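We begin with a single chain expressed as structure tokens, specifically the form predicted on its own.
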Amino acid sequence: MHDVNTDKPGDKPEKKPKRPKLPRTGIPEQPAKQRATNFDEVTLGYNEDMAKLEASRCLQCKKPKCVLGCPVGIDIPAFIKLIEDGDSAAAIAKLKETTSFPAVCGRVCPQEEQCELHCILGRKQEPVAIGRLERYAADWEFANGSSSKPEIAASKGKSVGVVGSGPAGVTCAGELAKMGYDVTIYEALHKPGGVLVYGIPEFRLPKAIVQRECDYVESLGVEIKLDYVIGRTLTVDQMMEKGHEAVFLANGAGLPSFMNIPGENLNGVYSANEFLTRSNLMKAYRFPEYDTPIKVGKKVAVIGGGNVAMDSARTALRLGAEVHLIYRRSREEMPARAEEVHHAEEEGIIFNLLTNPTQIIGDNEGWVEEIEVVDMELGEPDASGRRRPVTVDGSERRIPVDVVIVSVGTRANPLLTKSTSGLDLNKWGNIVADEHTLLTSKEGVFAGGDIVTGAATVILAMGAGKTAARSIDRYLQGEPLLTAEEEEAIYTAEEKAAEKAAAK
């Protein structure tokens, strides 16, 4: 007996039921007054019920635009669907197919400017909280004592050296290890993690999480050598002489910039790099339990408006100071993440906006006593697209402070580049590398992350690490490196594969 088709001509296929409109799931946080006195993590993360509820908001688009906004190409709809289905183990396994840092990126990646910006749901509602779900999956794995690990190819018998254990270096090393290469990372400091350990405070990214992610990469077969300053302990040329057949330079751009105003050499003036390194990596916030001292007076001025400025200000606040954040533009032009600005305001940071320092004044013993500032107003947009701040004549005034933290950017440290022959640099001292392959002017040497682009985000550095690993693999297999057109073809194929997976 055959089934009878009772559909009438012209009948439309039955539509899938629409998902209910749900608000974005909030994330628990420490109360502002409480967290301003400790270095414990501010946001506490989703529990399983929260994660499943938020995951249920995902539309599971046939053409997932969110994936296009992710520099490392995570299959976002797939891992979110697994969370919704209650399979957290499969969700973290899916994430680890493309990222080595899910717990880190879930906390510090600016999703609002990348994957969540492209979320289709975000056109009419708040976008899916992709970053919070990524964090949930990574934290679930640790809490349940499991460890997902991708398949590792048979050894290719070739060696690669990676300079720097920040997000670009560790990502590249992990990808190459999965391909079957012998990889050694050389880290200048005494802990792995690069900017993740020295630059981001404990309350935003606990160091144990960074160590956990680095341990995972080591479990893939990567060796991490600490206290190796490339350019002093060893040069790039010596790395290649010792057997590395390719080298990836991911040493970052950690040399601080200053404003070149009078008084920056006074006692009590820090670069944000030094202040955060002392506090984060050397645990000065637990002095004298840890023997690294840090001077934080009663009143601190932090100059800048980026994430590093926010981190410095919120660290100084937790060390007991009244903190003034001085920024020459308005809040709308602040490059810091909106969430970090919001947290800083809640905790009691005093914002001196449209204000610019002109000099730092010291006492008779050479210690900071005041900072002189002027009011600013916004004029026409500059090259960055933001309105240019213009000084208001006659608006000079002084703010009494005893510590000043300068957070106006970083640049490339010349230690490595000056000791490396045949390496082309741009006018800022950054390494010149091909945009698509990351190959430098030196044979067998690739470079990516902040040392090429200047200071950027963790996830962009990770994207550079993945690109470098792909190029190094082709280079060591004797295959031609990809042209821009070939790279685009691969990108398009990956996009189509993501669409096909999402449609299943």
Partner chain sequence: MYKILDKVDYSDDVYMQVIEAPAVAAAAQPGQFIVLRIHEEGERIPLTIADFDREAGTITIVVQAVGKSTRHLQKLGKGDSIANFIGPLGLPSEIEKVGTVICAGGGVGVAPVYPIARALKEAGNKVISIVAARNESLLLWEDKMREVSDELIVTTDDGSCGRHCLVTEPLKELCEAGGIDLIYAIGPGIMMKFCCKTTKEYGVKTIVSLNSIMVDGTGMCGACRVSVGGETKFVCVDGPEFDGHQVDFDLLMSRQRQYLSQEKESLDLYVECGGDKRCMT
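Source: prediction; values computed, not measured. Residue numbers count along the first chain shown, from 1.
What comes next is about the form predicted in complex with the partner chain, which is not displayed.
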Single option in T277, N352, Q359, S159 placed near the partner chain in the model of the complex, where near means a heavy atom within 4.5 Å: T277
Residue among E396, D382, D291, D85 with a heavy atom within 4.5 Å of the partner chain in the model of the complex: D291
Whether F39, A89 and L205 all lie within 4.5 angstroms of the partner chain in the model of the complex by heavy atom: no
The partner chain in the model of the complex: contacting segment from 384-392, 314-322, 280-288, 97-105, heavy atom within 4.5 Å: 280-288
Heavy atom of G348 within 4.5 Å of the partner chain in the model of the complex: no
Close approach of G304 to the partner chain in the model of the complex, 4.5 Å, heavy atom: no
4.5 Å heavy atom contact, S148 to the partner chain in the model of the complex: no
Touches the partner chain in the model of the complex: P335 (any heavy atom, 4.5 Å): no
Within 4.5 Å of the partner chain in the model of the complex: residues from 245-267 (heavy atom criterion): G254, L255, P256, F258, E264, N265, L266, N267
